[in-house]
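In C-alpha cells, the next block holds one chain alone, the form predicted alone.
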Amino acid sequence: MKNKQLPPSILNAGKAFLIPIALYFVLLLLIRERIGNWNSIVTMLVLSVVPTITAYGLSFGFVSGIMDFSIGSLMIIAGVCSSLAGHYFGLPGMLITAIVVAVFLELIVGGLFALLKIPSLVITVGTLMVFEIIGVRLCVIFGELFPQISTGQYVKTAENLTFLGAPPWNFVVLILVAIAYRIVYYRTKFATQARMIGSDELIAKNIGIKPLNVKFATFLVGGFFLGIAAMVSACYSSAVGYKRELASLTMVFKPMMAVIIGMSLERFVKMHVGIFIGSLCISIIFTGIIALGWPDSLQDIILGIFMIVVLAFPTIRKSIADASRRRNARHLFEHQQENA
C-alpha cells in the first residue's frame, strides 16, 4: 500500500505558519494566564487585519523599489472622509469615498514622483507632512460643520457600520481583499512588470518596460487597497483622528515589515498569505509585549530592533546564499583540479 503524502503546497504552508505558532507558544510559556485563551487568539487575528490590507497596498510599490512613507497620513484623510460619508450614504458611500480619496491622493504622490523624478523617500515624506496638515484641517472643518459627528479632533464612524471592524465581517473583508490581491499580483501584466523592475531595472528597460510608468501605476493600484484598509480601520476604532509632527509615519512600519516577511516566505506560500503571516507575527509579538506590561518606550525600542532585523533579513539571506554559491564553486574547482 502506497504512503499518501500531503501536497507540497500544504506542506510549505504548514512550514510558513509554524512561525506564528512558535511565537505564540513562546508567549504561552511566559504569560499563559494572560493570553492562553480563545479571546486572546481572536484579538491577535483582529489586530493583524488592517496591517495586512495596508501591506497589500504598500507591496506593489515596495517590490518595484519604491518606499512610500505617506500611506499613514493618506489613510487618515481617507478614513476621515469615508467616516463622514458613511453617516449620509451608508456602506456603499463609505467604501467608494475611502477608495476614491485614497486613489486620488496616491495619484498626487505618484504624479509628483513621475514629474519631479526625485527619490520616492523625499516625495513621500514631503507629501506626508502636507497630508497631515490637511487631515488636521479636515477634522477642524468637519467639527464646525458637523458637530454631531466630529469633535474637531476626530470624526466618528456611524454605529451601524462599525460591524465591519469586528469579527467575523473584518475577516470576510480580509479574505475578499486577499483574493483580489492575489489576482492582481499574480495575474496582471502590471504586477509582473513591477516585480521585474524591482529585480533588475536595467534588464526591464532593455525588454521594453517603462519603469517610470509602472512605478506610477503602483501608487494608483496600491491606493485601492489602502482605501479599503482606511475604511476597515475607521470601523474598528469607531473614529478617525488626525496625527501631527510625523506621527503618522509609524503607521507604515508594521505593514512594511509584513511585506518583507511575505517576500521572504514566498518560496513557501503565495505573497498574500506570506504578508498575512508577517502581520500575524507582528501582532503576536506586540500583544505579548502589552500583556507583559512593558512601558511604551520599551515597545518602541523592540519595534525598532525588530524592524532593523526584518529589513536586514533579505540582505543577510542574500549574503549567505552568495557565500554558499562561492563555496560550492570553489569545492567544484578543487575537485576538478584533483582529478586533472
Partner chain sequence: MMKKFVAVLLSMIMVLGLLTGCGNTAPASSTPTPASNAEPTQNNDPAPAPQEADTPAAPALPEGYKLGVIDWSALGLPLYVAALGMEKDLCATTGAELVTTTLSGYDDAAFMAAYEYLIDQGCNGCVVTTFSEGPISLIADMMEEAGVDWFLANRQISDPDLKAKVFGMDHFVGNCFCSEEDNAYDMVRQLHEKYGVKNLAVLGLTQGDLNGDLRDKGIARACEEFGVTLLTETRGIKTVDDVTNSVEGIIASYPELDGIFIVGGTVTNGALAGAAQALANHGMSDKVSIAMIDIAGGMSAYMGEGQPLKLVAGGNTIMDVLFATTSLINHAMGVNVDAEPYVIGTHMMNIFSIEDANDYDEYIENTSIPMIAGEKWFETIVGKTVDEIQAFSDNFSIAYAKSLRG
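Just so it is clear, the model here is predicted, and its values are computed rather than measured. Positions refer to the first chain, counted from 1.
Omitted here: the form predicted in complex with the partner chain. The next part is about that form.
- Partner proximity in the predicted complex, defined as non-hydrogen atoms within 4.5 angstroms of the partner chain, places exactly one of 243-251, 82-90, 187-195, 95-103 at the interface: 243-251.
- Annotation: in the predicted complex, residues 50, 156 and 162 each come within 4.5 Å of the partner chain through at least one heavy atom.
- Contact check for residue 121: every heavy atom lies farther than 4.5 Å from the partner chain in the predicted complex.
- A residue is said to contact a partner when one of its heavy atoms sits within 4.5 Å of a partner heavy atom; residue 264 fails this definition for the partner chain in the predicted complex, lying far away.
- Not displayed here, the partner chain is kept clear of residue 169 by more than 4.5 Å at the level of heavy atoms in the predicted complex.
- Under a 4.5 angstroms non-hydrogen atom cutoff, the partner chain in the predicted complex has residue 237 among its neighbouring residues.
- For the residues 107, 212, 125, 136, the 4.5 Å heavy atom test against the partner chain in the predicted complex is passed only by 136.
- Though the partner chain is absent from this view, in the predicted complex it lies within 4.5 Å of a heavy atom of just one residue from 312, 291, 28, 302, which is 291.
- For the stretch 264-290, the set of residues having any non-hydrogen atom within 4.5 angstroms of the partner chain in the predicted complex comprises 286, 287, 290, in sequence order.
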